[in-house]
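One chain follows as structure tokens, the form predicted on its own.
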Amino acid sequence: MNRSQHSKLVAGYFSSIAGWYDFLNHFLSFGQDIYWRKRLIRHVRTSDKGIVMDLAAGTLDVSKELLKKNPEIKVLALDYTLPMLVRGKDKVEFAGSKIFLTQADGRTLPMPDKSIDSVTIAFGIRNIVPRDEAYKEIIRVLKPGGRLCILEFGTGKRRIWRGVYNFYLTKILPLIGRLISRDKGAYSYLADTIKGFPASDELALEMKRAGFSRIFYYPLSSGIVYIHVGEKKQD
């Protein structure tokens, strides 16, 4: 499958489940996804009048939390799947002109060089192929010293809770997702991409090779998800 076919496949999956996305996120994570996102935005660095890019913004949960935490910033919410942004737009109506919703590809960001204070991406980096193109674009748009903050599932190759999580990931999650959303492929795709995703140290090495510095990462919920943070080097 080439990159164009992959992008269309991912966009199709997320378009088909946009109406169920929030409910299933909360239901399938037992509400932990709310806590995970709050932990992510703790690592965002920006001035009071700064600009944060929420990449793979989905239904705008991270964008909403960013604006609630600091109402003076501006947030650029980008996602490849327009129905996801449309589904979430009511969540950020309170922000008025502080939020900008844009359909965009993470491999070709529509922003000038050195214009963004921080970039967040929650549960989206594994859907971008190849990732190194996204890293390159993120480094381009970040100001020197700007941060990339990633929230993503840990690799499904590691046994968690003596394999109970792995069984849930491969058997239960796709079944529940299919029964509720009526989409046969989306949650099987989710499980497959988690199982094939790099381990936390491998993802950190990817970031280092891409040019990020001062990288750190840590697990949440026994390693079901990880937060990775890296900075663009100072000029």
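Keep in mind that what you see is a predicted model, and the values were worked out from it rather than measured. The first residue of the shown sequence is 1; numbering continues from there.
The following text describes the form predicted together with a small molecule, which does not appear among the structures shown.
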{"item": "Distance check, Y135 to the small molecule in the model of the complex, heavy atom within 4.5 Å", "value": "no"}
{"item": "Touches the small molecule in the model of the complex: A57 (any heavy atom, 4.5 Å)", "value": "yes"}
{"item": "Contact of R107 with the small molecule in the model of the complex (heavy atom, 4.5 Å)", "value": "yes"}
{"item": "Partner contact for R126 in the model of the complex: the small molecule, 4.5 angstroms, heavy atom", "value": "yes"}
{"item": "Segment assignment from 137-145, 67-75, 80-88, 111-119: heavy atom within 4.5 Å of the small molecule in the model of the complex", "value": "80-88"}
{"item": "The small molecule in the model of the complex: contacted by all of V10, F14 and Y21, heavy atom 4.5 Å", "value": "yes"}
